[in-house]
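Next up is one chain by itself, shown in structure tokens, the form predicted on its own.
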């Protein structure tokens, strides 16, 4: 029995929320289990050589129902203090009822702060989180910076070159992508907005608060970045301010406007097509419902 499999699995609607499962059966939850194991291994592989997890205070930011966190049970049971936080209350409630102890879980809001003391975590990971954060992205990055211990580590993933064709419907060109937001008004229960980031933008902006230690491309089709907390005090505006000497900053802003205009056009076309389909159904239904009247009118006409 693996350390994870001794815990129950969450209900299908919670399990499939973080990544779509192929089915609501044993095969589906094998997929859930294996994905969690692979995520654990990818995290460990990105940590510095000889990094000890024993006795650490660790935060899974955006934990969902604990798909990744559950695979750190051995560390949590032997002196570690492992936390999961998420905005989804049903997922956190399930964790509290089924995975705690040895873990701890707490609901957080869509904007900072979190109820943790400053400089209290050794390690934080945020997987598929900054891929969806828009207006509060800088605030959340600096909030995680706040709760990290001096020289603490964070692993965060972001989407970009591996996702452009699927999400932006265009070839990847990093000279026109900084932090570009798509589907900005998509609700959280449908996945939330989509954010594409380029490596140079991460280096410029996240690098103002963190040292960029290592980077792994195409891990679960995202880029994973290992960061070390820098001893700096910085505001969200300072973190996000465009680099004045880099023309890619303005090019990315202009291209994001073009992307949003294309998106609006696609949505308008989809709405118009849907309206036309509805109208066609209504016309068809009206024709079928009035058929008896037309037949009756014909019979009456013949009898006259």
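In this text the structure is predicted, and so the values were computed from the model without any measurement. Residue numbers count along the first chain shown, from 1.
Keep in mind that the form predicted in complex with a small molecule is not shown, yet the notes after this line are about it.
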item: Among 97-105, 129-137, 228-236, 196-204, the region lying within 4.5 Å of the small molecule in the model of the complex by heavy atom distance; value: 129-137
item: The single option of 86, 122, 75, 143 touching the small molecule in the model of the complex, heavy atom within 4.5 Å; value: 86
item: In the model of the complex, residue 259 touching the small molecule (heavy atom, 4.5 Å); value: no
item: Distance check, residue 18 to the small molecule in the model of the complex, heavy atom within 4.5 Å; value: yes
item: Contact of residue 118 with the small molecule in the model of the complex (heavy atom, 4.5 Å); value: no
item: The small molecule contact at residue 109 in the model of the complex, heavy atom, 4.5 Å; value: yes
